[in-house]
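Just one chain follows, in the form predicted alone, and it is written as structure tokens.
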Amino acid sequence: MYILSVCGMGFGTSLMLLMDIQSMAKEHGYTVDGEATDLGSAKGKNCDLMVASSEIAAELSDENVPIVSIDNLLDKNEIKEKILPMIEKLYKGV
């Protein structure tokens, strides 16, 4: 599974988000590869899932992969509640 985390500049926020996702996934037995990137570079990239803040996610609505919008990037519970079901779904191929 390959997840693209997206923020305005492509480092800092998106890298922190990707690390939180990978840590949470590992706790639940999943391996997640991914990349932290900026909005301009994210468009058209091949991945299984894109994750971004709600403002950035709105800009990704034309992409052909699921987009998960996170309202509070510091809220690990919100990240888990929104991302874990998507990871489980993608792993099961549903």
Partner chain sequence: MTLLKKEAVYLGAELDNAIDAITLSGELLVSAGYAKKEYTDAMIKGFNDVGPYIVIAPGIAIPHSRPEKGALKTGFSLVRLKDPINFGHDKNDPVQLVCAITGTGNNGHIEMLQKIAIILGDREKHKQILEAKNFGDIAQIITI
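Model, not experiment: these values are computed from the prediction. Positions refer to the first chain, counted from 1.
Just so it is clear, the following notes concern the form predicted in complex with its partner chain, a form of the same protein that is not shown.
- In the predicted complex, its partner chain sits beyond 4.5 Å of every heavy atom of E81.
- Within this chain, P85 is remote from the site of its partner chain in the predicted complex, having no heavy atom within 4.5 Å.
- Of the heavy atoms in D33, none are within 4.5 Å of its partner chain in the predicted complex.
- For C7, a non-hydrogen atom is located within 4.5 Å of its partner chain in the predicted complex, even though that partner is not displayed.
- Scanning 1-32 for heavy atoms within 4.5 Å of its partner chain in the predicted complex gives C7, G8, M9, G10, F11, G12, T13, L15, M16, M19 in sequence order.
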